[in-house]
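Coming up is one lone chain in C-alpha cells, specifically the form predicted on its own.
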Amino acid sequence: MNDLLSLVDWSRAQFALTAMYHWLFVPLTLGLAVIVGIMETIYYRTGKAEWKHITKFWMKLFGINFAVGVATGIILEFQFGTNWSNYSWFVGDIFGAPLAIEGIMAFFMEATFLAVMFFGWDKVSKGFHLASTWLTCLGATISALWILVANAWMQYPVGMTFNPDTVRNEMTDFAAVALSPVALNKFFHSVTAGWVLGAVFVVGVSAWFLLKKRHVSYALKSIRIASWVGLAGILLVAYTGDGSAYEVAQKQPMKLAAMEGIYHGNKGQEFIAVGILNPQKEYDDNQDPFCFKIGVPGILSFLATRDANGFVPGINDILQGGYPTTNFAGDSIIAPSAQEKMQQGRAAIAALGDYRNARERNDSMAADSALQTLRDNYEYFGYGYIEDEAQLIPSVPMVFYSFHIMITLGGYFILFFIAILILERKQLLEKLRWVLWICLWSIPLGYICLQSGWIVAEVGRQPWTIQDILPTYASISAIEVSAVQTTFWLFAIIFTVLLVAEVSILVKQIKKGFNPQPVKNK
C-alpha cells in the first residue's frame, strides 16, 4: 500500500510540475494574441508605420512564448498514456475526443496561419495578413477551449454511459460534454484570465521602456491598448468567476468548503475576506478553524445558492450528509453520507464483477440483476475505492490560501488597470517612476494569480481524477516508482532550462526595442 501511495504521489507531482510549467506559457499566448490582433487592426485602419513596428515587436514576444508552450504541452498530454493508463482506458473514449479535436482543428489552424503571421509581412496583402493574425489568435483560443472542455468533464462527468462489457465509459451526448455549464465557465474564465496576464506583461514591459526613456511614444500606445484589454479581461474574469463559484457549489461542494475553510455549514454563510487558518485543525475535532478572520455575512450563501440565506454545507456536513441538495442529474435529494456513498460504490464494483462472472457462465438472469444493481449505484462508483472518509478532504490550507491569493490579486488588477488608464490619459504615467516600477513588478503577480487559480481548480477536486467516479489511486499505471521519480527530475530540469531560455530570449528581444530605425510619424 505504501508503494502504491508513493507511486500516486510521485505521479501527481510529475503531472502538477508539467501542468504548472505549461500554464506559465498558455495564458500569455492567449493574452498577447488578442493584443497583437488589436494593434495590427489599428495599423490596417490607419496605415501608420509606427503601429506596424509596435505590432511586430509584440508579435516576436508572442512567437517565443508560443513555441515553448507547444513543447511543454506535448509532454503533458503524453503522461495520460504513460502515468495514467487506467484513467485513459476507463474514459479515453470521452476524454480523447476533445483532445483530438484540439489537435486536428485548433493546432493546425495555429500552425498554418502562424507562418503567414510571421513571414507574410509585405508578401501578402495587409487584409490577408491581418486575417492570419486573428485566425492564429482564434486557433489558440479554440485550442484552449477543447483542452478546458476535457478538464471540465473530469470535474463534472456528463454525456456518458458505462459499458460493463468493456469496462469503459462511452460518450452518448457530445453536446452535453462540450456545452456543460462547468466547461463554458471554465473556458471563459481561463481565456479572459489570459487576457489579463497578457495585458500586465505588455504594461510592465512598456513601463520598463518608459523608465529607460526609450520608445516613449510606442510604449505609451502599447500601455493604452493593453490596459483596456486588461480591464475588460479582469471584469470578465470576475463575472465568470462568480459563475464558476456557483457551479462548484452545485457540483463540487467539498471544493467550495475547502476554498473557504468551512467545516460546519450555515444559512447566510459568510465569505471570508481575510483569514488565517488554524494549523492544528482536524475535520473531526472541535477546534476553531481560524486563528483570525474577517468575514462578510451572507455573501458566500448568495454566491453558492443565489440566496443570501441559503445553506452552504461545510466539510463535516458533506461527510455526514442529511441536508437538501441536488445530484448530477439535477434532482432534489437528501445528501447521502460519505459512508453511504462508499457502500454504494462498493456495491457497484461488486455488481460489475458479478455481471462479468454471470456473462461468462451465460447466466442472463444473474447478469441482468447485477447490471441493474450496477446502474443503480454507479453514480458513486469511485467511492468504492475509498477506504477512509478523510481521504475525501482535499488540502484545505493549500486550496484556501490559493483561492484568497487569487481573489486578492484579482481585486488588485481591477484597480491597477483603472489607475493606469487614468494616469495615461492625464499624461502623468511617464512622470511617476514609482508607478512604473509597480507596473514592472506586477508581471510576476499576474503569474502568481493564475497559478493560484489552477491550484484551486485541481487540488480542490482531490482525491478525484473524475469527480465521484474514479479516484487518483485507481487511475495510475502499473510502473515502478523509481521510473516516475527519474522522469520527474528529468522534466524539472528540462522545463527549467526551457523557462530560463525563454526568459533570456525575451529579455534580449525587449532590450533591442521596437525598431532600431525610428519612424517619422509618431
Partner chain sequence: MDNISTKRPPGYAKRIWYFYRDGFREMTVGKTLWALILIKLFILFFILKLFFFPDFLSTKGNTDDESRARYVGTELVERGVQ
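Just so we're clear, the structure is a prediction, and the values are computed from it rather than from any experiment. Positions refer to the first chain, counted from 1.
As for the form predicted together with the partner chain, it is not shown, yet the points below apply to it.
A.B. asks: Which among 39-47, 449-457, 26-34, 465-473 is in contact with the partner chain in the model of the complex, heavy atoms within 4.5 angstroms?
C.D. replies: Going through the listed ranges, the match is 465-473.
A.B. asks: Pick from S85, N278, S442, T325: which has a non-hydrogen atom within 4.5 Å of the partner chain in the model of the complex?
C.D. replies: Exactly one listed residue reaches within 4.5 Å, namely S85.
A.B. asks: Though the partner chain is not shown, can you say which of M154, I349, A97, L220 has a heavy atom within 4.5 Å of it in the model of the complex?
C.D. replies: Selected residue: I349.
A.B. asks: Mark R356 yes when one of its heavy atoms lies within 4.5 Å of a heavy atom of the partner chain in the model of the complex, and no otherwise.
C.D. replies: The answer is yes: R356 has a heavy atom within 4.5 Å of the partner chain.
A.B. asks: Heavy atom to heavy atom, is G103 within 4.5 Å of the partner chain in the model of the complex?
C.D. replies: No, G103 sits far enough from the partner chain in the model of the complex that none of its heavy atoms falls within 4.5 Å.
A.B. asks: Can you check whether V481 is within 4.5 Å of the partner chain in the model of the complex, heavy atom basis?
C.D. replies: It does not: once the partner chain is placed as it appears in the model of the complex, V481 has no heavy atom within 4.5 Å of it.
A.B. asks: Does D331 reach the partner chain in the model of the complex if we count a contact as any heavy atom within 4.5 Å?
C.D. replies: Answer no; every heavy atom of D331 is more than 4.5 Å from the partner chain in the model of the complex.
A.B. asks: Where, within 478-499, is there a heavy atom within 4.5 Å of the partner chain in the model of the complex? Residue list please.
C.D. replies: Those in contact are A478, I479, T486, T487, L490, F491, I494, L498.
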